[in-house]
Structure formats: C-alpha cells, structure tokens
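Single chain ahead, written as structure tokens, the form predicted on its own.
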Amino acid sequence: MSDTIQPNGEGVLITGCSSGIGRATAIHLAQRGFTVFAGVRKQVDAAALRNLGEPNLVPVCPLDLVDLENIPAVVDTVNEELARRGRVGLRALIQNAGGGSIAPIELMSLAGFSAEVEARLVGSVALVQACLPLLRKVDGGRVVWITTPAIIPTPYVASIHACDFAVNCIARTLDIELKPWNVASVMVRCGGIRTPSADRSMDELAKSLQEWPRERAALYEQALQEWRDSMAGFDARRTPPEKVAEVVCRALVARSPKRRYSVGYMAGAAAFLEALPQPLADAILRMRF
C-alpha cells in the first residue's frame, strides 16, 4: 500500500482564504485535485477567488468565525456541493483564520483581543463540532491547525501567541479524543511567513502609538522602536506562503500524518526553545529582549 493517498476530488474546508497562507493553500490544494471550500468573510474576496477560474476551488462566504451563525450555512454548502460532485465527507478542515495585533499587554485592545479569542478559539471549536460528522465519513480525516510556535513567551504579540498556545492544547487533546475514528489533529507551526498581515500589523502599531495614552505609550516607545528595527531583518527573510501550502498538502496526502510540522523562517529555532525547560527558555528570551 502506498504511503500517500490520491485526492480524487476529496473535500477540504479552509478558513481565512482572502490572502496569505489561506489563499495560497486553497489554490495549491485545488490544483492538486482536492475540492477546496475556501472560506472568506467578504464577497469581494469570494469573487476574486472565483475569477481564478479554478474548477476545484469553491469560495464559501460569509465565513466569519466571530459570527457562529455563519457556520450552519457553510456546512450546508459543503454538503450540497460534495453531493453534486459525487463525493461524501471531508478529508480535512484547515483552521487558518485569525489576526491579532502588536502591543504590550498593558496597552492591548481588549475588544481586539476578545475578537481574536472568539475567532481562533470559540469559532474554531464550533467549526470543528459542525464538521466532525463530515470528517468521520472519510477514512483518515483530519483537522489541521495553522499556528505560530507559540509555547514560548514573545513580547508584544501576546494577542496572537496566547491564542496559539490555547490551540496547541485543543489540537493535542482533540487528537486523543478522535483516535477511535482515525481523525488526526495536526499542527502546522509557522515561523516567519511573507503575508500581507505582517505589513498591516506594522501599520497598525504605528497608528496605535499615536492613539495610546501618551504617558503609557512613552514607557514602551523605545523598546517597540528597537523591536520594529529588529523585525526589518526578520521580515526580509520571511518564507513565501506557498511553502506552507506544500507542507499542508503533505499532511493531507500522508496516510499516517505527523502531528506537528514546522515551516518558515526561524521555525526551527522556536521549536528548539520550546524543547528547553521553561525557566531556561524564559531566561534566554529575557536576555534577547
């Protein structure tokens, strides 16, 4: 028996496909024979995907994980389109949607953080619950989580990494709970990836520095400027999102997928730090920052 499967039109639902990793993954998987349901929040992004003319790429809109009422209609669309194509069930649910912002915890927007928690945790779990009946219909279904290497404390990105820390727990627990049905829960842990969100985050930080209470912003201004300067070199070395798409594809076609994949600039260094005892990793990061 081959170590890999052939897609043959099997269904895959991906969140956050308007740009970056989600869009690249949707296109890559569709071109390799999966029926890809590409979730986006806005009709303009759905139209842009349709205009690619890729027959295996099916935009689904709206899919905003902050609004749980979107989910039943998306699952109905997936079921109907798979039936029309003579397929049953989903090979994979790929959880990619999310945003986050750059800020010290003291100045972090609570509304923004709440929305990130709703999307990355509550909404993602709700989507898993809705899709599990479809995943069980395929021998070897899987849930794939696109995350950062978040099990280390990284200053100024807590709104992103705190959610990924929780996703790590959810993904690993889910893998144990779904073992009886051979549904794997897989993390693709990304280092620096070249996406529009990186530029947006820097623009938002510049705006936030003008909007935060001046006396508090001044406490962090120099450190944040030094951090931004150091990120310029990091940004220049970011990995194209297509490389993430290739890793996701390997995780889907493998009969026995790994539970963790790493991809992207500095992903290996982050994995090394994570493997260290927590006090040692914390000490290294305190010296680094």
Ligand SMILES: NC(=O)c1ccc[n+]([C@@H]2O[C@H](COP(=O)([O-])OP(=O)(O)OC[C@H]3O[C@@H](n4cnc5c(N)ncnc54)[C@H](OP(=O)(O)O)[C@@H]3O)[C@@H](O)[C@H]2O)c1
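Because the structure is predicted, anything quoted here is derived from the model rather than measured. Numbers for residues come from their place in the sequence shown, where the first is 1.
Keep in mind the form predicted in complex with the ligand is missing from the figure; the text below concerns it.
By the criterion of a heavy atom within 4.5 Å, His28 is excluded from the residues contacting the ligand in the predicted complex. Interface membership of Gly16, defined by any non-hydrogen atom within 4.5 Å of the ligand in the predicted complex, is confirmed.
Taking the partner from elsewhere, Arg259 is found to have every heavy atom lying beyond 4.5 Å of the ligand in the predicted complex. Not displayed here, the ligand is kept clear of Arg172 by more than 4.5 Å at the level of heavy atoms in the predicted complex. Proximity to the ligand in the predicted complex, taken as heavy atoms within 4.5 Å, picks out 96-104 from the listed stretches 213-221, 136-144, 172-180, 96-104. Contact check at 4.5 Å (heavy atoms) against the ligand in the predicted complex: all three of Leu65, Cys190 and Ile193 pass. Only one of Arg32, Arg238, Arg228, Arg50 lies close to the ligand in the predicted complex, with a heavy atom inside 4.5 Å, and it is Arg238. Applying a 4.5 Å heavy atom cutoff to the ligand in the predicted complex picks out Ile160 as the lone residue from 157-180.
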